[in-house]
Structures are given as structure tokens and as C-alpha cells.
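First, one chain by itself: the form predicted alone, in C-alpha cells.
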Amino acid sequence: MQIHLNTYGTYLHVSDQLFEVRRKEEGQVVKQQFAAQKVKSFWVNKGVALSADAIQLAMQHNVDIVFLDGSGHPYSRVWHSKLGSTTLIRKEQLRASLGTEALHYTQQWLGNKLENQIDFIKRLASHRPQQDDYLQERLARIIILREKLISLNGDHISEVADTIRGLEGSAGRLYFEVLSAVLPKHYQFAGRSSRPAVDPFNAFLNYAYGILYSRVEKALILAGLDPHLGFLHRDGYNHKSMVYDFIESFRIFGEEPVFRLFSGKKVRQDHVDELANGVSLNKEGKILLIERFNKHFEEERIRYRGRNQTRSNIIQFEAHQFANELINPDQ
């Protein structure tokens, strides 16, 4: 169970060894209780308080507590201090970052990302014969960019990093042009924007990516990997480079539910608040997105390696697979 705490003035504490969420609605105090064994994580927004007892109970049951900013970007989390795995994985991750493996994995993850974009556009094209010429032309260009990306060679990723970023950026611009072009006129947008978003689509997508970043970070930690030790993304103070590398194969998990909300005309103008230089998702918008995202991510199952799996489980499996490959390269 994923619990999002969005309401200003909400208080999370412990009562009778249960998590208790207390908030006011129309002047009345409303309480909800949850067994610790059933909670996977708390997503905490601005204006929410929690007790030390709640943190202790969460750590005893491996419940993740993630703090989100107004754009949905995770800026902090509470997680127990145990490593939970062997340090050999992190040593091998560092070794791989300095060798040819870094380029191999980066091409694999970004190749998956562009393949997901291609598949999604193909599905959109199958229902939009009136836009087929336009969609096929964009598809062909993204396919060429993917072929160029996966055919790059080098002894170290730094030799081709700028080329990779250029190819990925070009594919991304084409992809989001397509998503905008097939939406109803009043939902269309002019490319990606963040901090702040300048349109509702980007406000929803930024928030979905923010949730996804945190899910990927948790998967990496559980697999014994260092979320800060990346391959393509540059090192920086407290920069979670591996999260930004590893997420590429899974960005579609955030993009598809957001697109479906807009193409299904579920989003209203009052789901966002106007800012001086953009828009921000408000409480009603977050509720709409989180319900759709959780259903897509935690409940719906897709075919993966011969079994039906949730997208949440797929990310965790891939993180463990990556860790195992690092310490057992010959298997």
C-alpha cells in the first residue's frame, strides 16, 4: 500500500501499534489507521507532520518515507542505515563506471527508452489513420537515432557521452512533439518544461517522473547499488547519477498514465494552479494523477520474461539483475 499525504495539516503518528493519519475535513477530525505490515511507503508533501514513533515503526517494517517538493520531486527520504547487501556490488559498480561496461549499460538503457517510445508511437498510430504520414515520418527518424546510439563504440563512455546526449535529446524532442500533436488542441504543449512547468501536461509529467525517481532509487538501494554512482550522468554533489541513468528504461511507466489522462480528457484547468512563470499541480491534480499512476504501476500487470508482473516488480527485478551481472559477469 502506497499512502500519499497531501493535505495541509495532516499528522502521521502511531496509535495502538498502527500508523494513524489524522487530518481535518470541514472542521471535523478524521482518523485512518493502517497496519504497518500492509504499508510499503509514505509520500509526504508540504504541510504534513509526523512523529518519531511513526518513523521508528516505519523503519522496523522497512516502510519507505519519501518527502516530495511541489513538483513531485523527491528531495529526501527516511530509510534505515543497514546496507542490506554486500559491499562487493558497489565496488563492482565503481569498477564498471571506469570501463567499457559503462557504455554497454548506457546503450542498453537508452536503447530501451527509445524502443519504448517507438512502440508507444506505433500504438498511437494504429488508432489515428488520419495522422499516419506524420507519425510514420517521426517513427522513422527515432528508429535511425536509436540505431546510431546503439552502434557507438569507445573504450570509455566519456569519448562518446556528448554524442549520446545529442542523439537522446533529438529523439526526445521528436517523441514529445508526437505526444503533443495527437492530443486535443487545448491540451497541446510546446516541448518539455520543468521547474516550473509552463503547461498542465508538463506539470503532470514532472510529478509522475518525481514519483518514479523515488521508486527507482529505492529499487537500486534494495539491490545493493549506489544511487549516486552513475555512468552517463555527471558526478555532482549529492547528485543521484545512477538513478537518472537507470530510470531511462522505465520513463514510459510515468509517461503513459499521464498521456492517458489527457487523451481521455480527464484533466481540467483547475487541476493546476497558476504561478508567475508557469503552473503547478494542485491537490486535486495530484489526487487524479496518483490514483492513475498507482493503478498503472502497482496493480496492472504486463507480460515480462514469461510471467505477468506489475511494473513496480519489473523495476526491482531489473535492479537485482543489474547487481548480479556486476558481481557475476560470466553468468
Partner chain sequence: MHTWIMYDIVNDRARTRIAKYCKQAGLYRVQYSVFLGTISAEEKDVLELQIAQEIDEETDKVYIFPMGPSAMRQTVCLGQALDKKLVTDQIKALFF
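Positions refer to the first chain, counted from 1. If you're wondering where the values come from, they're calculated on a predicted model, not measured in any experiment.
Here the subject shifts to the form predicted in complex with its partner chain, a form of this protein not shown in this document.
At a distance threshold of 4.5 angstroms between non-hydrogen atoms, I314 is out of contact with its partner chain in the predicted bound form. By the criterion of a heavy atom within 4.5 Å, F34 is counted among the residues contacting its partner chain in the predicted bound form. In the predicted bound form, its partner chain sits beyond 4.5 Å of every heavy atom of N308. A residue is said to contact a partner when one of its heavy atoms sits within 4.5 Å of a partner heavy atom; L326 fails this definition for its partner chain in the predicted bound form, lying far away. Taken together, the three residues E115, V243 and S249 lack any non-hydrogen atom within 4.5 angstroms of its partner chain in the predicted bound form.
Of the candidate stretches 272 to 280, 258 to 266, 293 to 301, 64 to 72, only 293 to 301 has residues whose heavy atoms lie within 4.5 Å of its partner chain in the predicted bound form. Within 4.5 angstroms of its partner chain in the predicted bound form, the stretch 1 to 18 places a non-hydrogen atom from each of M1, Q2, I3, H4, L5, N6, T7, T10, D16, Q17, L18, taken in sequence order.
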